[in-house]
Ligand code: COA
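Coming up is one lone chain in structure tokens, specifically the form predicted on its own.
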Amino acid sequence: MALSGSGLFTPAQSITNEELVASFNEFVRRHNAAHAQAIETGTMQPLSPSSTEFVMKASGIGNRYVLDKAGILDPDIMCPRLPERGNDQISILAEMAVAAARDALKAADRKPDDIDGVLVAASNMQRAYPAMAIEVQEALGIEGFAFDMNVACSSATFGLQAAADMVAAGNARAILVCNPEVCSGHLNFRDRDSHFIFGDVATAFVVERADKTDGANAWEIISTKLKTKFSNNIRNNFGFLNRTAPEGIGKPDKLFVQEGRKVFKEVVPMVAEMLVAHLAENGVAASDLKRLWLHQANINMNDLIARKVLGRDPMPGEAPNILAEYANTSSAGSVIAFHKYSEDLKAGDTGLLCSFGAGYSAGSVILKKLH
């Protein structure tokens, strides 16, 4: 099996740390002023301002692309404003996925007629049904089947294994996997510890038989490995049952929440051990790896995982990081890193694609360049 081409859609609007922090600090100023008496009497704790230095040190993030900048930066709103579209219009997630998919199809030298299945694998689905994948399938004119799947930040690697397995079983000649992520829609921009984390983006890639691929940047899928372990440390309680418990509507837990320190402490060893074991199972030495395309969650996590896998500090460009430009883009992050930093490698070079996140979940894919 092979990953024969990848694609990327990047929104036109972006927000720098300076802009985001200025908006957050104005919200803090207004909040503390409105509750000055309660703060003075000690019945309420004041909110603390943020800083660009804090954001960069905590995450390595310097910028993020978003679908709506104005709503996010408005201290009265602090949320993207994305008007509903009519049922006869393409939905936002499908539109993003289609843009990335066209890019991936071109890279793989494939037409819609060559694809038999579409997977939309992402952290947050626009609606329960009909599936975004079927909408993407319709927009591209693809025959066959389509469905959505959600494994949070690991959705892309889980989708890759599912696609590879279906192609290997003869259920499809080729499958298109799309990862549209409007992370700004579930981010609490009033939370100092997380308001800077996410950005919006969409990625896509084509999976097909290695002996059938024509893509100039095609990679053989040597092996895949998936792992999950239940944890509440990254959670989002938004869902269709919220209306049945109106007392909880609009509460912070209906957006992204995490226990960052616990996540760091628990996920890093889990992922590092999984990657080391996966390489050993396939007889791949760390010294054989030319590149690591890791999930783009946090620069400190990425650097530590790369160090544990390689047994040394990664050399510049060996574990490329796109956080400074894109921020955390959930399932799309490792695919962005692959898309931007894979074409320079040579035929026969080996790389490791990895994602990890809520669940906990983690996916590992060993790739070898074909051409």
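Bear in mind the structure is a predicted one, so any value in this text is a computation, not a measurement. Start at 1 with the first residue shown and count on from there.
Here the subject shifts to the form predicted in complex with coenzyme A (COA), a form of this protein not shown in this document.
- Proximity of residue 47 to coenzyme A (COA) in the predicted complex falls outside the 4.5 Å heavy atom cutoff.
- The closest non-hydrogen atom of residue 256 lies within 4.5 Å of coenzyme A (COA) in the predicted complex.
- Proximity of residue 112 to coenzyme A (COA) in the predicted complex falls outside the 4.5 Å heavy atom cutoff.
- Proximity of residue 116 to coenzyme A (COA) in the predicted complex falls outside the 4.5 Å heavy atom cutoff.
- From the list 85 to 93, 155 to 163, 274 to 282, 294 to 302, the contact stretch for coenzyme A (COA) in the predicted complex under a 4.5 Å heavy atom rule is 294 to 302.
- Of the listed positions (105, 142, 174, 263), a single one reaches within 4.5 angstroms of coenzyme A (COA) by any non-hydrogen atom in the predicted complex, namely 263.
- For the options 193, 288, 220, 74, the residue carrying a heavy atom within 4.5 angstroms of coenzyme A (COA) in the predicted complex is 193.
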